[in-house]
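The chain below stands alone, shown as structure tokens; this is the form predicted on its own.
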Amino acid sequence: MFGLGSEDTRIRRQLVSVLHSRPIGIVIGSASGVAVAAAALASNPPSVLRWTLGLMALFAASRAISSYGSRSLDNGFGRFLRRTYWMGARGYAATAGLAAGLSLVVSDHAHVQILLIGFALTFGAGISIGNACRPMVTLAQMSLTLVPIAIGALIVGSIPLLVLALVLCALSIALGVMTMNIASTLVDQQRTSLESEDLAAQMQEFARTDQVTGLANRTGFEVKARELFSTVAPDKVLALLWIDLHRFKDVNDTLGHETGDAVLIEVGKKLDGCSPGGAVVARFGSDEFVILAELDNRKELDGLANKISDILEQPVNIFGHRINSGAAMGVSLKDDSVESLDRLMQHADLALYQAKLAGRGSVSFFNESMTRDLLRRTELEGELRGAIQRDELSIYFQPIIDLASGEIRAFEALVRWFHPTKGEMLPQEFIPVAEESGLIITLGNWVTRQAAKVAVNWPDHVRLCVNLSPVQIRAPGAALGILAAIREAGIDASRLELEVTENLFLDDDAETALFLEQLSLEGVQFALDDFGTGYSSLHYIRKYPFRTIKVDRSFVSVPGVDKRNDAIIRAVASMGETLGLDIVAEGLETAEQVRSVRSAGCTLGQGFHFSGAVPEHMARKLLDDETACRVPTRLAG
């Protein structure tokens, strides 16, 4: 039980530490020894006893000094005192016992004998209790104190002293048993205490560790990061890199959480492996990671950010699936304006926001303009929420014209916001805010529902075109929301044409395909908007059920000025004719442009040459005028 195993050694050190934490008892015992030695020396004892008493006083004094010094000094001398303390303790015990035994043999002064024997017996009994944390040392010290008295008693040989020798033997056995019992109890109590401490430490570590990746979690990061934040050297660069994995939710939803966890583990290994020594790496939420690193300079930080971005762009193979993750990253640096870790994290979060807007693989460094932009966006978001609730938004309709007959074939529904104090808000101002905040889902469903209620009163051959945001499409139940809107309005699903941009198909995911399939089965039509400005691919047109392709206004030019644009329009129009698709030329402003795109093969046109976006009653008037005269007045040129 009292071997030198690692646990027993740890327990022994703890108990000894407790023993020396308050050395007042040792000092009192040492002072008592010095006083006893001095009193005995005053009786002018024989020389052998005198020398023994002198050594006893010396050991008593050195014991007190060693106890205080080993506790208070953290240097070489203090370590020396700690190593020699037990040698002094044994010397003290031996001289106390020897002085008592010698007094029986060489001294005839009864009072001195009583003093020395009484002190030695008290000292020996006290050792058994006070030093019980080291039972073998205690038994040795007790023997050094009591055995010389018994030997002295046997040498003298009187009946009382022979009885004393026997009593001392019995006392030694009793004290030994008591010492072992006390030691066993102390060890058990200390072991229980240490086990509780270990369990508490394990629970604390568990609470600070992400159980998927093994990295620090949010709590663990804050504990470690605050220490690094407060101790960073003034000539170093302290940077926080906040990383958001691209489309991680899709991995979880389509391939399962086991695959998602495997991706997180792989990302965690990559980030931990490429981070500099001493950096704090943590998983901060479902698909976000943070790194707080102390670097030599800004150049090293740029290299680290680029390295991380490149590593995360590399595909990983998980359970046979090739997963292209990628990430956006926001970076902030500690400077004079950053007085706390929380502020540093706020800056990194703002930078990450900008990086996510820029798209996959983007790295954005914080600057003060981001704070101003955030305030503006927050203000605008609150005003937009209020405008939706108060029904302050309006829907305008821009006609799409058949270039052959001049008839209106469709109207595109466009949302307009007339702010009570700021006037008309442009869509490019508030639509991005709606997308970023998630308001686009509510706004998009409202536009579809309101526009459908208007379009139900138009002639059956006139379609309603509504723009959809990728955010709206990926929202849960998006298809059901649109179907509910057109059923509520009572409009036939085939008269609704939803316009989507090429950016929707960057990841070509199953979620988008299911959305298009669900609505197509109900008869809803689709148009590919802004064709030619994004990641154009004939794969989209072949795979998805498009009825219309809208050529972006940037390709519409004055005939003969830009032959390349004209050639592109002709190529797209030819493809549309072959596939049976309508080709809409956007941004038509002059009769010359109309003639150009019509001769190139475009079937439909849209732009200010025909009409801008107009309110509901004006759209109705355009239809009524067309019915009345059936003359394509604007195409006469």
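All figures in this text were calculated on a predicted structure; none of them were measured in a lab. Numbering starts at 1 and runs along the sequence shown.
Form predicted in complex with a small molecule: not shown, discussed below.
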is_contact(E589, the small molecule) in the predicted bound form, heavy atom dist at most 4.5 Å: yes
Do G601 and the small molecule come within 4.5 Å of each other in the predicted bound form, heavy atoms counted? no
Could you tell me if P45 has a non-hydrogen atom within 4.5 Å of the small molecule in the predicted bound form? no
Check whether P427 has any heavy atom within 4.5 Å of a heavy atom of the small molecule in the predicted bound form, and answer yes or no. yes
The small molecule in the predicted bound form reached by all of A38, F119 and S172, non-hydrogen atom within 4.5 Å: no
Would you point out which of 100-108, 318-326, 264-272, 410-418 contains residues with a non-hydrogen atom within 4.5 Å of the small molecule in the predicted bound form? 410-418
Exactly one of Q141, S332, Q472, T95 has a non-hydrogen atom within 4.5 Å of the small molecule in the predicted bound form; which residue is it? Q472
In the predicted bound form, the residue from V212, A165, I440, V462 with a non-hydrogen atom within 4.5 Å of the small molecule is I440
